[in-house]
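What follows is a single chain, given as structure tokens, in the form predicted alone.
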């Protein structure tokens, strides 16, 4: 017994010594960094790929559904993947400040990584359309917030122009280094599964992430020649679906604020991804998003509403999926980003003003 315990302790120690170094260090051979790049990292990446038994059973036919939970990155969203690269390169180029437009997650990541790298950060947000959890993060990380009377698309238009006129680095997904960092999520999926999924289901806002995943899968194909590339399925909210309908949505509306974008800057790249992967873009209703949001919570996974669009879309396509497929649904952000949504949309019992007595509480519990 003593020998067995000694072996177990050594095994536990060996696990603890395998410290994840952050995605730039882990995948530097696939990223545009040099020995002169000052790497600004919060050990992002290496997020879990969770097998969802309940969603797998819901889809049926022997399908395995995995959740790429990027809400467990340092600031709670996939944006950290791109921001470690964008801020590192901005610092390498001698920039002193960065700027972005944001519906919330980009602002949190930009502010955190800029602060860590010693850079000033400025953020333009649409008045009244940023979840409190995300706004709190950006403020605490030290960003200067400018709330405008307009939507995200107007904010992005302004910051793009500012970055061309003044010495300030734009860190929205038009920044090519953002895409480079975000592609590493595809590497991680292949490394974890040993192969690419048959389908990758992903929410779309500005469409940088679907572009990045496809780039990652394509790059891994160069070294893993037998890799089968996935079908890329992009999902938007019905009230904010410019890519699905191939239009500009002047006043997008959805409960999923992270993808409330009416004119995606990566439109053409995303369309190319759909074409090359033989994929599809579809819309889901806010009701379908909330239903998926609740299903995920019952699985023990708390994501923000926009993330649940990937699962809502998968459920909508249940009858299209081939037998024994492997599906990955990307969950882009943590549920704590938007606590108001959770409080307003749950099926839990919340008893208030109960007398603090053993008798009363025992009765409530059914004893």
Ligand code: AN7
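Positions refer to the first chain, counted from 1. Predicted model only: the values in this text are computed from it and were never measured.
Just so you know, the form predicted in complex with this ligand exists too; it's not on screen, but the next bit is about it.
- Of the heavy atoms in residue 208, some are within 4.5 Å of this ligand in the predicted bound form.
- The closest heavy atom approach of residue 310 to this ligand in the predicted bound form falls outside 4.5 Å.
- Proximity of residue 78 to this ligand in the predicted bound form: non-hydrogen atoms within 4.5 Å are present.
- None of the heavy atoms of residue 84 is located within 4.5 Å of this ligand in the predicted bound form.
- Of the candidate stretches 162-170, 190-198, 291-299, 96-104, only 96-104 contains residues with a heavy atom within 4.5 Å of this ligand in the predicted bound form.
- The listed set 284, 90, 259, 114 contains one residue whose heavy atoms approach this ligand in the predicted bound form to within 4.5 Å, identified as 259.
- Of the residues in 302-335, those that come within 4.5 Å of this ligand in the predicted bound form through at least one heavy atom are, in sequence order, 304, 306, 307, 332, 333.
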